[in-house]
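The chain below stands alone and is given as structure tokens, in the form predicted on its own.
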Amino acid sequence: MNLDLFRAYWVLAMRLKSLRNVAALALVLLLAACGDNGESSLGGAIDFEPNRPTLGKETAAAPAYSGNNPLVQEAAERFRTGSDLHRKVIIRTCGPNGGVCHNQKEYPDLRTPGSFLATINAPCNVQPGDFSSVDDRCELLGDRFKFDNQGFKEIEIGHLQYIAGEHEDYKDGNKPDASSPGLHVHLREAVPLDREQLHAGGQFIRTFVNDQQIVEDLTFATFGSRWWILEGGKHLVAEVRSYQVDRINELLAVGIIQGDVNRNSVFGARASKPVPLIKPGKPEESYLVGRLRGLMGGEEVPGSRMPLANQPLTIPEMLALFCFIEGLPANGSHPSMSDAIDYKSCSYTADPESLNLLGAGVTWKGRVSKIFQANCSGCHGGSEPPEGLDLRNDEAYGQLFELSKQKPELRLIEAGEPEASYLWLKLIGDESITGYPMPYNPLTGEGKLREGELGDVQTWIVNGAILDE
């Protein structure tokens, strides 16, 4: 641009000084910088065709379902694509609120279509939470352990646990046990050392692929201390003094892979190949489906059924999920959430009723009364139980259908509706209920049923809170 033209633009710009003309001023200065009459500030036009993506591109439609089963027809109408499935089913049940459920807080994160797709072939045991809820079929090969300056081969780690507490200087034949403060490391095999203790550095070893694509073993952490060798060499306890606590926390933050996370002496990855969250083409071999159904391969899946605090999936919703997974490409290619779900070719449309999640068999006498008696009757029992709810006597079942004294608009149990049952909301710590979640432990200030127990209570309520079969 020549100097005279720029001066003309500048004079015009100076006349636009009020705040309401800021946009006009910006436009004038932009013209001054860019020039006009097809000229660019670089002295010439740039000739190219931008390669912009086409928004809303539709994929090829799947063959239409031509049968007359109303359940399939409902699924095909409501959940046409993977995006429909995610938006109308996954978000509603598994990741509805920020910071809870599978929305940032719990693994896997299911809050976006991309994170949902990321569950395909992803491992199912990354954030175990309660170790008892981990399935053997999710366990990975563990990291390995050895002592420095000792000749034995490293041994796979089963599980480890840090028990906080004041250090004890064991003397006169005393030694730690399973509940003693310290770092407890449980191994798959015994360390071949004929002694009860030693001062050494405990090495934690993992196999990596380096940047030259070479497989190598790397000692990624070491903890030096006095180690006790218990249980024939399979249980090691490292003493942790006060100045070593930060070091222990750093070690645990690394994320040591444990081969027996659920502590049942079965190293799952050695028994079979770990199952993925979603296995393309195989919904019944997908861990996410197993957690929804409570069964996988005819075997019970540890932990409560999902979704924990929401209504179970309906048959059309389950059918959409099954047909979506069955239609995923098995060759490793990336699917699109905008792809249509092929209900016509889906094998599960032949008998959608078999996908009913509610099942049967969880009754008050057979299961739920035992859960409440084991966890709650310590307080809710005797001559003057809180709120008059005595879970020890034979009339407890009838009391559960009375109105709550704390929230009279709700019954303790509303058959078929967990979200309208005061007792269920109390068990899961729902924000609408005041006071501590139950069962409450006055010593720790905490309290919660195990995941499997919560799942059984939820299933019992959904199925009608029946007394006995």
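Here the rigid core means the biggest group of C-alpha atoms that line up within 1.5 Å when the two forms are laid on top of each other. We number the residues from 1 along the sequence you see. Keep in mind it's a predicted model, so treat the numbers as computed, not measured.
Heads up, the form predicted in complex with a small molecule isn't pictured, but that's what we're talking about next.
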| item | value |
| --- | --- |
| Option touching the small molecule, based on a heavy atom within 4.5 Å in the predicted bound form, out of R137, K146, R291, H380 | H380 |
| Contact assignment for the small molecule in the predicted bound form, among C376, C124, A76, L251, heavy atom within 4.5 Å | C376 |
| Heavy atom contact within 4.5 Å of the small molecule in the predicted bound form, the stretch among 384-392, 314-322, 283-291, 234-242 | 384-392 |
| Site test, S404, L423 and P439 vs the small molecule in the predicted bound form, non-hydrogen atom cutoff 4.5 Å | yes |
| Heavy atom of I461 within 4.5 Å of the small molecule in the predicted bound form | no |
| Contact label in the predicted bound form: T434 to the small molecule, heavy atom within 4.5 Å | yes |
| Any non-hydrogen atom of F204 within 4.5 angstroms of the small molecule in the predicted bound form | no |
| Heavy atom of F372 within 4.5 Å of the small molecule in the predicted bound form | yes |
| Yes/no, D390 Cα shift of 2 Å or more between the shown form and the other one with rigid core fixed | yes |
| Threshold 2 Å Cα movement between the shown form and the other one for Q399, core superposed | yes |
